[in-house]
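We begin with a single chain expressed as structure tokens, specifically the form predicted on its own.
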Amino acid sequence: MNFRRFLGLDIAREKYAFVKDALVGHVSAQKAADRWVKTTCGYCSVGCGMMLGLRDDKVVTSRGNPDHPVNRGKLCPKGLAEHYVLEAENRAVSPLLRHEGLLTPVSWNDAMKIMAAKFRNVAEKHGSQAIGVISTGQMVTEEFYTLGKLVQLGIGTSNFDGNTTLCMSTAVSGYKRSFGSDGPPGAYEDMTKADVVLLIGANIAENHPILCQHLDANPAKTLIVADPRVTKTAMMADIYLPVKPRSDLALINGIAHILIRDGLIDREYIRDHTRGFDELCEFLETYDSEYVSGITGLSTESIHKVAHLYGKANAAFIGWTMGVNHSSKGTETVNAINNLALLTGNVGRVGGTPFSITGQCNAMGTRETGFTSSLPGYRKFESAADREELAALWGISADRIPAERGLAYPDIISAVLKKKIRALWIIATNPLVSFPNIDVLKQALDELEFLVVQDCFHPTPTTQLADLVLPAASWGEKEGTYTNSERRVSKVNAAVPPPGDAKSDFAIFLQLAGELGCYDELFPGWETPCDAFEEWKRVSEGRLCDYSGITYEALEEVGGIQWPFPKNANSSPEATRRLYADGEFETDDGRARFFCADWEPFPEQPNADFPFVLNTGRTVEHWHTRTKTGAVAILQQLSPRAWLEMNPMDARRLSLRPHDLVDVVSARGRVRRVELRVTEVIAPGQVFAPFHFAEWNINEVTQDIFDPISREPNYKQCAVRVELSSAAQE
């Protein structure tokens, strides 16, 4: 005990001292920086510009970059505390190889030789397709591009996907089907210009909070929020639509029905730029307001009002996130959203767009370059011309480029269970928390001959199962670029070196390429991420996602540049860019497609044994599986444990009280001792839990049901019951 402190003589003067900062005024002396490094936030897809403050070569503070066009100096709680991640106690600092059941430190040379030898052995015995790779949305674009070439052309497996399939593949598939290519058409600026902003299953106030400033900059708008739960975003709405779970597709079809019936459509745009309108009109005849009201639980008056607001707007913005994507009908729901935009000409219009708000900081970067669901530059696997073009750029035979995509993430796991995949490389993701129906994944990983996990942290639930752990540099320790939801490319910079023997993912990929003997062919002379960036610029030139005019120097100066930005761009780097403003789409005939997507009940309906519908989601303090934010004391203190939200009516019926510890039970598993929150933000018959917490892993109970088109999981709408925990009863 500090007796001077106890007696009041020691007031911790040094600890709580303040100094004057020239920019922001008084700050804690512990946070006073002597130099600053510009970078971009490594959490969500908003793409906030940041300043990392250093003193004595250590990062001591994070601050929003006031000159960055996305956030103008603002940061959310995660961004403000992001620098603490760099000195987390559980950082991975050396390669670890499992020996006699224990993970033991080895040198990088040994780790790479063993990894290359194991992969070769599996390929020789079972073929190269017996190797699977699962990546992330959190590396820099240069690393995604490098990894794609390494996996597809060096290792020679097309069974390569990312955890972006767990959050964004539905939006990708929907854009491709409607418009012929991936890529959100609009920009954040559209939220400031729209007459009507319709958010469907998008709780941006907690998941993408900095986007709220773009809404706030448009006081004249009407904000409509459709969500089963009264989220913080719903509380901001002018009109809140408390839709029943998974009834969003019926609502959208109902709006489209009214638009066509009441003549609130742009017939000239439809005639000149679309296909399938007559079929859509016939299909939508059954979606009258009475039918839709019965499905959604909304009044016919509210459906009519929202449809007319949208249809009469000069510019209407529709945004969505995981509430739409996490569904076995997600892709078709995205197509229905795109239908609304096409019916009214709200594509490429200032203020008007169907806008997928992406999940991870660089999910867009991997969508553009990653060589997973499409070839780099939004090229198509099935297009011989696209394969020939890439082969010429790379100086290889086109026969080496796959003519179809490999297995998607959930299908890779299924292939492991069937022993078709024998070795797996997991990079910067933690599926032992994030994958649905965890027991299936656990069984699959037990079947592997060799599991490599590459991560910034150890131990995690996933690294603990690895045969080889590769320590990677984190955000703040490496250089490259991220692309955010509005296609804005921003620079990422290293402020400090990685801890111990950890290396950047880029360096790890090149070292493995050397061991596999493909470095000189695939990455000739490459030493830095800029080498990858320059090649990527050539690969993207002339494509929808054209980077050819972007330079690292321009990114540093401007703060971020939207693609497409070709070499001889006539507009300034600061200009806002929208896709399809000319009505020309990336389809074979240049026309967008209408899709007839019929509503269906969600797969697992509540019953006598499992009477509640479970919804899952996020909280503003944490990120994904909490690997990063759980190591940050201030964020952990703000949200230390999982909880379950339940309506007061249901709590009374079950004789449950606030803060009771309860078990959440489904046909697949049980999550124990979750703290109960009794609140009217959740409707009767529904419950909600966040998915961040490994200690209360809600994915013990979720379903392994997937969208048949995008392969994204239906994380939401599973049937559960809630019981008072037995430990709480004792």
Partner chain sequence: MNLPLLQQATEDGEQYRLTPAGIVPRRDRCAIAAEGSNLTPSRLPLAGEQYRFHLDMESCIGCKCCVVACNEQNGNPADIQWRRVGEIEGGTYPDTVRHYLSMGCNHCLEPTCMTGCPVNAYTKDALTGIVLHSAERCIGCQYCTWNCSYGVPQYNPERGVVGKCDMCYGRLTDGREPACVSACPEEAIRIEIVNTSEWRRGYAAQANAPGLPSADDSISTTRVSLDTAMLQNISRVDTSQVEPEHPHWTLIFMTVFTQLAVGAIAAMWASQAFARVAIARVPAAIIVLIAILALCASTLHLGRPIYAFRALSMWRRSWLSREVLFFSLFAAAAIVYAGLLWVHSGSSLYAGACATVLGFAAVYASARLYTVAARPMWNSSHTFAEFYLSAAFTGTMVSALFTSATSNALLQMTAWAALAIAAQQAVKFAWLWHSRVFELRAAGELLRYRFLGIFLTRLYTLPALAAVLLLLDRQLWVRIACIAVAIALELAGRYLFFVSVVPKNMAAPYLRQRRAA
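Values in this document were obtained by computation on a predicted structure and should not be read as measured data. C-alpha atoms forming the largest set that superposes within 1.5 Å between two forms make up the rigid core. Residue numbers count along the first chain shown, from 1.
Note that the form predicted in complex with the partner chain isn't included here; everything after this is about it.
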Pick from 338-346, 106-114, 314-322, 215-223: which stretch has non-hydrogen atoms within 4.5 Å of the partner chain in the model of the complex? 215-223
Spell out, yes or no, whether the shortest heavy atom distance between T286 and the partner chain in the model of the complex is within 4.5 Å. no
Does the 4.5 Å heavy atom contact test between A642 and the partner chain in the model of the complex come out positive? yes
Contact flag, K31 vs the partner chain in the model of the complex, heavy atom cut 4.5 Å: yes
In the model of the complex, is there a heavy atom of the partner chain that lies within 4.5 Å of any heavy atom of E675, even though the partner is absent here? yes
Listed residue (M235, C530, A384, L417) with a non-hydrogen atom within 4.5 angstroms of the partner chain in the model of the complex: M235
Using a 4.5 Å heavy atom cut-off, which residue among W526, Y84, F610, Y269 comes into contact with the partner chain in the model of the complex? Y84
Looking in the model of the complex, the residues of 547-583 with a heavy atom no more than 4.5 Å from the partner chain, listed in order, are E557, V558, E574
Quick check on P708: with the core superposed, does its CA move 2 angstroms or more between this form and the one not shown? no
